[in-house]
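Here we start with a single chain on its own, the form predicted alone, put down as structure tokens.
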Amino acid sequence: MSFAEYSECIAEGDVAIIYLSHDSMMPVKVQRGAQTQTRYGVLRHSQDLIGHKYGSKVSCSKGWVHVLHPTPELWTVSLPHRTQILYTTDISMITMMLDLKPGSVVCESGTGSGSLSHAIIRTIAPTGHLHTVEFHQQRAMKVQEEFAEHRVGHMVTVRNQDVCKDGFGVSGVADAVFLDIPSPWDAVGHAKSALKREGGRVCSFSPCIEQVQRTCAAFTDHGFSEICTLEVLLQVHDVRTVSLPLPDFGTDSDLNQDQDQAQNQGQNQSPAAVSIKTTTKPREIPGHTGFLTFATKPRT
């Protein structure tokens, strides 16, 4: 099992995602002889998990669950939160706007709970590399353990340092840089140094517009171009069935007598209606998460 490669069957040491419902999932480290309690009953790793195919439906004493192969998207909604995290809505925009692809070299700060990190690693695999910087020592150690456990440790380097003072620990190697720190404007110079001479893209995530203003000014001062700021809001439409009456446009003079008789017979009946599928906007839109500011380092 690897977050970057798909495996057919569950093996000892894998991290599997136990699917309980659409909004309830939990990660489990598969170990021979171990058991996991769920709201539907107990899962015995040796009998119920090891050797079974991913996607299998496992029966418990009070119901059943599905055992899914881990992906960055599933990890995002089930990981243990050590910090506020980025979700798939913003992550998809970041990976697209940074032009990430297999073989890309990316610098990231701060790592946090590793939600975005896993998505980046999956995108740049198998030949790319992620250099991620985390200021908090315990969080850096924990996320490094998770990368090794998820078998992607060979594609990522974790550094415990202050990116605003010490940079990313590399120079002139990155295709893209991502900043998720309180003062990203202090790290713009280090981001420019980390990018290749051929140029590259930078993204900064900030929850406050004042942070965006200072970051954009720093990008301008360091010679970046194509500066833009986006806010991504997810709007899920409700699909429902509605019944609409058919309009009565009257009769045509060319209708034959049989049709007239059929119409006369149906005068006492209720008007015909048709059922259709339609969508409606939500009454409330999810609140603001943050602003994504992108900039391009020109070729030097």
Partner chain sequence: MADNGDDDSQHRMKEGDYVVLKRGEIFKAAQIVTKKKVIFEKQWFFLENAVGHLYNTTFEIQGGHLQLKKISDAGDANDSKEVAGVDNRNIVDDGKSQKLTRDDIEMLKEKGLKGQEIIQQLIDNSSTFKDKTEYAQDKYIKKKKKKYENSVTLLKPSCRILAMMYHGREPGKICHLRYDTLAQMLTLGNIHAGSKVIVFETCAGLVLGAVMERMGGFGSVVQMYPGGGPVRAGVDSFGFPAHFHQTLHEFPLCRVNALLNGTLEAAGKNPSADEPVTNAEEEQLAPGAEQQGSPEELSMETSAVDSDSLEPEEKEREKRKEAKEQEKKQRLDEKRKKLSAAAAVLEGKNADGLVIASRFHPCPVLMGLLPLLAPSRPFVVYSQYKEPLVECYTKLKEQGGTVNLQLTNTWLRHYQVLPNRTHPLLLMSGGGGYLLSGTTVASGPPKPVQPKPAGASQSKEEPAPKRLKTTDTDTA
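Residue numbers count along the first chain shown, from 1. It should be emphasised that the depicted structure is a prediction, and the values quoted were computed from it without experimental measurement.
The discussion below concerns the form predicted together with the partner chain, not included here.
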Output flag, Met25, Ser56 and Asp99 jointly within 4.5 Å of the partner chain in the model of the complex, heavy atom basis = yes
ask   = Can you pick the one in Ser193, Thr229, Gln144, Gln161 that has a heavy atom within 4.5 Å of the partner chain in the model of the complex?
value = Thr229
task = Look at the stretches 109-117, 166-174, 184-192, 144-152 and give the one with heavy atoms within 4.5 Å of the partner chain in the model of the complex.
result = 166-174
request  = Would you please decide whether Asp248 lies within 4.5 angstroms of the partner chain in the model of the complex, comparing each non-hydrogen atom pair?
outcome  = no
query = Is there a heavy atom of Leu20 no more than 4.5 Å from a heavy atom of the partner chain in the model of the complex?
reply = yes
task = Answer with yes or no whether Ile285 is in contact with the partner chain in the model of the complex, where contact means some heavy atom within 4.5 Å.
result = yes
request  = Indicate whether His66 is a 4.5 Å heavy atom neighbour of the partner chain in the model of the complex.
outcome  = yes
query = What residues of 107-133, in sequence order, lie within 4.5 Å of the partner chain in the model of the complex by heavy atom?
reply = Arg122, Thr123, Ala125, Pro126, Thr127
